[in-house]
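Here you get one chain, nothing else, as structure tokens; it is the form predicted alone.
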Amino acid sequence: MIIKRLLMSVAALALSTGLAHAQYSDGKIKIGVLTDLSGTYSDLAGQGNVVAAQMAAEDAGGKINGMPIEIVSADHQNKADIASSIARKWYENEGVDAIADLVTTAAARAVREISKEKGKIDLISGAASLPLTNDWCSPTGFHWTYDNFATGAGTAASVTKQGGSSWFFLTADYAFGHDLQAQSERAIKANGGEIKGSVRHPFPNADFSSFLLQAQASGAKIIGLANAGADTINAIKQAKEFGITKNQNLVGLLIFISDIHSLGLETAQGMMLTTGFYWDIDDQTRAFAKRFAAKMNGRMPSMVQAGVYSAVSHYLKSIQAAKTDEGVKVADKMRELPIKDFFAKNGKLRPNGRMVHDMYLAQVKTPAESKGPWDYYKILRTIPGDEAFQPMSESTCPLTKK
């Protein structure tokens, strides 16, 4: 009798184990980090995003319900055709379950469509365009870290309220730049500001002289930089060389801590910005940043890199809870579970895929105020998530229409 019971228990265990494993497609959880590893956005995203995803996998114990976690990466070179080609190969031939980061709107939109077609998860951190949670939304797509509504509008509104009443825009000539300018203009006008004009520049761009001269001639108090990464850095450096900043103020509408590090406090001091993460907010952010810096030659994480950790970590927790890697079921679980980590203390996922969390209005310190390397920001205000992001009532995402 004892032997019979033992055999039945072993059989039951084998059956339950087999059923558990059968819910995973290929015996492992594989996440692709598709990012800019060599171009304009490689400092704010790039290898740091790969490291952040690896840290999330390590913190999950390297396995989910017995299935090993594997992180792979590739360089999309900020080109939609390359991004879509890699995504299709990963999904169809290499067993990738989810793709993270996707800095650059064109790359994010291309991969969003393939992920939707395949029922796979995309975890967008680096791209900023608002349509990703509106007309381009997806049942399995998430926009995690920030968007142009939260950063551009937040900064533009604050600067306008403080007297920056007239604006001229230097805008990156692709979907991200157009959207960033549009969101900023809306906030400026809502606060009584005036738009003097704008000019679009190629992406990426090295010589801003002709565009800066047009901005100077406009007489606007504020030159708004509707671009990012190396484009923003080059525009600020050249504006200072030309003496434009003596009579007009530059405002970066999407600034990362890696930009401030490149510019230096002497050049960047006093600049206002809106960010989703700063490493020196509390013990949790400092602990993550210290671990990250140890793997990245002392560099502190940008909000995009911290956002990749948070998104991948929540994805892995949801896979564990759902006991499957099937995209739609995992997406449902992601919306159901609360988001609590060093990045998002009270995060929540809306039906359109927008992850809502607190943002921060910050000002760059003067060299005298800074106490050491990477001590760059003064946090002026915490912006509650429901205030920072586009109201759900304004979303045009088809998934939210009844």
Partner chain sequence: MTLLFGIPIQALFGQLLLGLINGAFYAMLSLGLALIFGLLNIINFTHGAQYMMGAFVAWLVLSHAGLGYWAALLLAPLLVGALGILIERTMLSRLYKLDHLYGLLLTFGLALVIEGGFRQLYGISGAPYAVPEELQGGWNLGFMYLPIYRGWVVLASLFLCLGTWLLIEKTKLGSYLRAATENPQLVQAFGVNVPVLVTLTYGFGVALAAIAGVMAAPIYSVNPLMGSNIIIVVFAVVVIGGMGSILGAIVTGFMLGLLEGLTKVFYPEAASTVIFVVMAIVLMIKPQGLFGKGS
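Numbering follows the first chain given and starts at 1. Owing to the predicted nature of the structure, the values given are computational and were not obtained by experimental measurement.
Beyond what is shown, the protein has a form predicted together with the partner chain; the following relates to that form.
S.K.: The partner chain isn't shown here, but in the predicted complex which of A187, L263, I86, M303 has a heavy atom within 4.5 Å of it?
M.R.: Of the listed residues, the single hit is L263.
S.K.: Answer with one of L213, V328, A294, A287: the residue that has a non-hydrogen atom within 4.5 Å of the partner chain in the predicted complex.
M.R.: Checked against the cut-off, the match is L213.
S.K.: Does the 4.5 Å heavy atom contact test between S370 and the partner chain in the predicted complex come out positive?
M.R.: No - in the predicted complex, heavy atoms of S370 and the partner chain never come within 4.5 Å of each other.
S.K.: So, I233 and the partner chain: in the predicted complex, are they within 4.5 Å at any heavy atom pair?
M.R.: Yes.
S.K.: Using a 4.5 angstroms cut-off on non-hydrogen atoms, would G298 count as touching the partner chain in the predicted complex?
M.R.: No - in the predicted complex, heavy atoms of G298 and the partner chain never come within 4.5 Å of each other.
S.K.: Please run the contact check for S258 against the partner chain in the predicted complex: heavy atoms, 4.5 angstroms, yes or no?
M.R.: Within the cut-off, so yes.
S.K.: Among 236-244, 143-151, 86-94, 316-324, which stretch has residues with heavy atoms no more than 4.5 Å from the partner chain in the predicted complex?
M.R.: Residues of 236-244 come within 4.5 Å of the partner.
S.K.: Looking at the partner chain in the predicted complex, which residues in 42-59 have at least one heavy atom within 4.5 Å of it?
M.R.: Heavy-atom contacts to the partner chain in the predicted complex: S42, D43.
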